[in-house]
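Below you'll find only one chain, the form predicted on its own, shown as structure tokens.
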């Protein structure tokens, strides 16, 4: 197996997290169970912060990647800001103690109520994706006798060479405003005193493995800022490059953060521009695993299925994207077998791995679905009325604490009204 910075590795026959046997954690808390390493969050943040030391910057953790409030508190304590995309994420950030001046509000479909909430909260900046949205922010801000600092998300038409579901910087994507359109309508801001254009934002996609697409986008943004400043927009002082740095799911190389940071720093230092970035997956993806239990081992024709108590509702990425995630037995035996790792949900798409070589597995074994720290629990659902799983955080010394209790059957229906009342 691949070692992810030594957070998860085999010690003898046992797969461990920070030296603690994962099967023991699964026995203690039950499965399905998300298990995270605290050290991973801290080290990934420190890496980016260190490489960007040469310029003014704010690293805004993308809450959507893993929104557990305990994780947010760790990131806040490290000095991170928060990238939010909903009113609920603003609420989470504030509940975690994040100062409003470190919160950046993105999202293509902000409601009026969410915009008002953001303005009342005093978030640092709103990333805007259309002229109608800017109009709405202006109207709401002016009604409150406020001026909203905004960044415009431009669509630089850069191919990020990633899955088509998670590319966001091409002309055909729903995100942002094209550079040409923005330049053609630069007079739009003249009569809208409720907004103050402070930044240009772009985000070209997710799970990007190369530096070049980021730099191509940055160069286009820098050229745009130059044109806007010639037109009187002297207050633009921030470049927001979003996130999208790739992680290791299989045998990929780690994203060359040092190379990326050097290219970005060199360009922005000479301009005196401040940088905001919004990493999510990079900060948390390799820091978590989903632990599941093998309920049945089933042979059908030429196929062998490991049917687990975890399902697509717990981790949807393989079903949704066809995404690859390594699967390992928490107990490594001699010999391997080719299996499909599947769940109990009544969908053919309910799987974690297909035709995968895994250490010989038996009923009652625990499996670890690797690199599940991002877009795992945050995308989990209650499909088939399956309660949401628990989450555990492991400290560097191997001790652990429960950071989300397993949902009960009562909690499944707690917010539903009794239909009898409406008969």
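Positions refer to the first chain, counted from 1. All values derive from a computational prediction rather than experimental measurement.
In what follows, reference is made to the form predicted together with a small molecule, a form of this protein that is not presented.
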> Would residue 64 show up as a contact with the small molecule in the predicted bound form if we use heavy atoms at 4.5 Å?
Replying inline: yes
> So in the predicted bound form, does any heavy atom of residue 281 sit within 4.5 Å of the small molecule?
Replying inline: yes
>> I'd like to know whether residue 314 contacts the small molecule in the predicted bound form, with contact meaning heavy atoms within 4.5 angstroms.
In response: no
> Is the gap between residue 245 and the small molecule in the predicted bound form 4.5 Å or less for some heavy atom pair?
Replying inline: yes
> Out of 74 to 82, 196 to 204, 344 to 352, 297 to 305, where are the residues with a heavy atom within 4.5 Å of the small molecule in the predicted bound form?
Replying inline: 196 to 204
